[in-house]
Ligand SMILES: Nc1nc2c(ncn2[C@@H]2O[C@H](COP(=O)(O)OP(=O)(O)O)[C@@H](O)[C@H]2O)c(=O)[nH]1
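Let's start with one chain on its own, the form predicted alone, as structure tokens.
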Amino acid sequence: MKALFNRLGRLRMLALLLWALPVAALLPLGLFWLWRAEALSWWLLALVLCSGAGYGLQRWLLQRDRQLLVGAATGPDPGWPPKADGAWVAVERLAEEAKPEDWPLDDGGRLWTLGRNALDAVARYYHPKQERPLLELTVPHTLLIIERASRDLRAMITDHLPLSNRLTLGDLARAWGWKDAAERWLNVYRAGRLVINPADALLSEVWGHLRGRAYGAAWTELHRWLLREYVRKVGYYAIELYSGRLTLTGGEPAAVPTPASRRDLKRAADHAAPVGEPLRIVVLGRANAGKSSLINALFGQLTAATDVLPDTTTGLTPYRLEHEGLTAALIFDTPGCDTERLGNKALKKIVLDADLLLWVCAAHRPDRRAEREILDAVRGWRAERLERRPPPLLVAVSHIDQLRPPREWQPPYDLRDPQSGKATNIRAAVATVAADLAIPVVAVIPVCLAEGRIYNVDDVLWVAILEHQDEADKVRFLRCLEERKRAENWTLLRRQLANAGRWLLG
């Protein structure tokens, strides 16, 4: 301080004080005038109220910005398979533990360590028995995770940080270099202000302290958000990779039909050019439960063969299904699950390749133990495939027109408030089927499929299918992704071998 005073010179400092004295005297003279006018207390009250209102507004803006940051936070993808849920819990735990004081933004080495910790948390979840699970990553996939996370962080910073597109790294470095010099000059100013006008300096210090705390809290909150988003983004794409959703070649997995769907489309005599992979809807149930009749009712015309014989369906028969609001779909008629024509191995493959299951159960046949055993096996097969989402399951209860009294048939029937014996028995049959097959009641739909008596198909069953279409689309995506990865591996291998051959020959 003394060296600075000697450098400027006493006369220059005197000239500076003389120039600032009239301005600095305004506040004490004003306070004196307010005191003489007996208005000083009102002025102090207004000062306190305005300061409190300004501080409160600053706090409210901080809370609003915090909510905006929360709304911009990365969350799990609803299309992930069930196994990814635990991995995302590990990522969220690591993100919550990231503290600004432990991870400064100007330390690139520390930030790299934080990103590696996020990768390690996901890798350890998917490879718990590996001593160094990060080594299970290939080099191209590691670079792809960094590329995707950096791309998303760039977009989020550009959208949410003011002037982030104008400030260069050099600007930030120069500002940081001026920090010490700016603090020294600010201390000189504050000391001089305290000597010239103690009251004004004291009020300014209090207000500056409150404002500094508010801005400091805002910066800390932004720092914490950046760290958490960094962890979430790296963890997000690591889960995308380990769950099989991140491919090296990119593109939409369901954009073109899989080889199996191409064959099924030809078998369905579908001459229209498919725009993408169709939904695979499979109709299952016991022999003579009404599976083929259900397909006919969904089409509104005779499509699948039906007869009074024990079972007329000899194999997996595809049909191209179209309806307003439904994406391209194939529906498959199957032999009875209780017949020898559909073995356990074939049934398992059908279930694992399905995007939506329709189970047909006859209301007038109370012996459902075999159906329950088959459905339990279906649920077990689905639970084994944690890398895939289980297809939604709907149960159509057929032959409701044969419930007591058998001669009564006067639809529609209100099952929420049954007014007749028929409606009461239909409601009881739905509840019994749901309990016997361990299916939620909302997924059990009573239908009549008899010729001339079609009931509850267009207005209830079709609505339920369309409501489950989004979930079925997620199942289809992961199914196509699995096929896409197999094709990608062969494509990359052929390309690598061809390039290696040219290099060796050259």
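Note that residue numbering follows the sequence shown and begins at 1. Fair warning: this is a prediction, and the values are worked out from it, not measured in the lab.
Another form, the form predicted in complex with the named molecule, is not on view; read the next lines as being about it.
For the residues T432, Q402, S150, N117, the 4.5 Å heavy atom test against the named molecule in the predicted bound form is passed only by Q402. The partner is absent here, but in the predicted bound form a heavy atom of A450, alone among A450, V463, A443, L34, sits within 4.5 Å of the named molecule. At least one heavy atom of S293 is located within 4.5 Å of the named molecule in the predicted bound form.
Taking the partner from elsewhere, A287 is found to have a heavy atom lying within 4.5 Å of the named molecule in the predicted bound form. By the criterion of a heavy atom within 4.5 Å, S261 is excluded from the residues contacting the named molecule in the predicted bound form.
Of the candidate stretches 86-94, 347-355, 394-402, 224-232, only 394-402 has residues with heavy atoms within 4.5 Å of the named molecule in the predicted bound form. Residues are counted as partner-facing when one of their heavy atoms sits within 4.5 Å of the named molecule in the predicted bound form; in 226-242 not one qualifies.
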